[in-house]
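This document opens with one chain alone, in structure tokens, the form predicted alone.
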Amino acid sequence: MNPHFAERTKSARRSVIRELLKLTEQPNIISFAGGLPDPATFPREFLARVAADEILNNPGKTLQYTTTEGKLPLREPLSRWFAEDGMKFPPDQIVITSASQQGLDLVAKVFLDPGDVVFVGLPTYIGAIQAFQAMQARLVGVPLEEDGMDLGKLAEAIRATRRAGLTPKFIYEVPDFQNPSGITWSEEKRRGLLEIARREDLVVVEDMPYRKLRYVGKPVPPLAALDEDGRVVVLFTFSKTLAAGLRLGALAGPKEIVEKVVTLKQATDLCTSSLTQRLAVRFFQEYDVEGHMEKICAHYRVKRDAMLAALERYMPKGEGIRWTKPEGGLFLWVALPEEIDTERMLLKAIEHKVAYVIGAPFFVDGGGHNTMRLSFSSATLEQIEEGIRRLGQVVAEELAAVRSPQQA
């Protein structure tokens, strides 16, 4: 059958992370691997009540097809929610998607021809890498600093791309509490990125799955709020703010881009689930959304603080060992000395009944072998304490093992 497969399937690979996560399913393992929201944050009783009401009493709107753009009663409150953050997207510039991953897929289909170039961070979200590579794009990685992308190297990468006769299309970033690094871009870096995009006539794709999950510090304006040229496309998901299993999100952007997205979405799924859209409509209409977000942030803030404190207690100290202190989101990022390979070390971690996500798959340049991502979202406080204690022991043992031959 192989000759019948499309070229894009021949280069497609399963997620290394998803395959490694199978190792973490063994009994009694404390896992900081999957970036799963805590089910305790899902408004279960509310969703159960309105789902039953919608199915029984509103089947024409709940169990029937709907428009490809999505239900207007959902796009309208989303437009207002975006406006609270300075983003001016009227309802006709918003498309309801099957979570933000479909948004990534649609952006890739709208913009990318084989060989086109996308600029991403080092590291960057693995789901975006997969979506762009599925369209046979070339991904060029640009190092991330503590406050965002190295803009000098971004400009250099764009020039090198054009000199090579390749076509750059867009810059992809997660400016708030990035997955996997947890960093937040400064306003200066955001404005600088938009200036480069304007000068080079590039689109900017701003993925904001975690923006509403801020625990400390002051919000920085979204790229879309600072954009004066209409070149920013926003991706949003309800997975972290309502419930991940609803698979509900949105794409917002300039009208001409949204029109292309709608056309391609029609060929993908006709429309996003009417049922989950109606649940989100009722969420905005009847639920204390602001209070809900405050509770979620308070819930995760405690877990973030617990993991940071545990790392200070148990992680070995020394040159090359560092971790981020995210202001929000679900992840923090650990870098170890260059001689450590976190993929190899994962097997030892599994023996100690603790798991993490290796960093290398988040790098499109082959780097990141000495890094790992830790999620504090779904573990209990007791698991965070014990899991980080075990992980600190694993790191100490690995450091001793790789350094002992040099000291002998």
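Everything numeric here is computed off the predicted structure, so don't read it as measured data. We number the residues from 1 along the sequence you see.
From this point on, the text means the form predicted in complex with a small molecule, which you will not see here.
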Could you spot which one of 301, 198, 247, 260 gets a heavy atom to within 4.5 Å of the small molecule in the model of the complex? 247
Under a 4.5 angstroms heavy atom criterion, identify the one residue in 282, 240, 169, 231 near the small molecule in the model of the complex. 240
Of the listed stretches (100-108, 267-275, 315-323, 130-138), which one has a non-hydrogen atom within 4.5 Å of the small molecule in the model of the complex? 100-108
Please check if residue 125 has a heavy atom lying within 4.5 Å of any heavy atom of the small molecule in the model of the complex. yes
If you check in the model of the complex, is residue 174 within 4.5 Å of the small molecule, heavy atoms only? yes
Is there a heavy atom of residue 210 lying 4.5 Å or less from a heavy atom of the small molecule in the model of the complex? yes
Would you check, heavy atoms only and a 4.5 Å threshold, whether residue 179 touches the small molecule in the model of the complex? yes
